[in-house]
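A single chain comes next, written as structure tokens; it is the form predicted alone.
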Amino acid sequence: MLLTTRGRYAVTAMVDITAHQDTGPVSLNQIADNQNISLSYLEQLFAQLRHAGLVVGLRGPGGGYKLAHPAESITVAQVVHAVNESVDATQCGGMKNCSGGQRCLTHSLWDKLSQQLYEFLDNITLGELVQWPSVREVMERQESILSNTIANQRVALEV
């Protein structure tokens, strides 16, 4: 399977934006802090996501990124594809040359799995994903950690 950290991080970052889109543009620094992803790595991913037309960058104070389309119309498969990831489970990358230049014995099995994975990811939108109970639970935990961190910083400044 060729879905790497690149694809997982891109989806995670897009879900983070989706979760916070009501408060305005989300900065890459916020995503990096919330999701523990390197800022420079996010910059690379967002160049691709912007090029694919999935996000819009806003400059200046209060700037950041927002979704270019409603969350209900952006699928997880689109995000994965935007960062040049594949959900191909075949050994040959779908080229059918996995066994001495020919299709291997189990090529059709892995090809079918690849199709199922793509269809699965293409049938889940960012809007749906942020409504999953497990995702909401993590979002609430992250918000709680952020709130505690801000409160602790305020106390430290007052001392």
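In this text the structure is predicted, and so the values were computed from the model without any measurement. All residue numbers are counted from 1 along the displayed sequence.
The form predicted in complex with the DNA is left out here; the points below concern that form.
In summary, the region of this chain contacting the DNA in the predicted bound form, judged by heavy atoms within 4.5 Å and restricted to 117-125, 130-138, 104-112, 33-41, corresponds to 33-41. In the predicted bound form, the DNA lies within 4.5 Å of some heavy atom of Leu58.
Though the partner is left out of this view, His51 does reach within 4.5 Å of the DNA in the predicted bound form, counting heavy atoms only.
In the predicted bound form, no heavy atom of Pro70 sits within 4.5 Å of the DNA.
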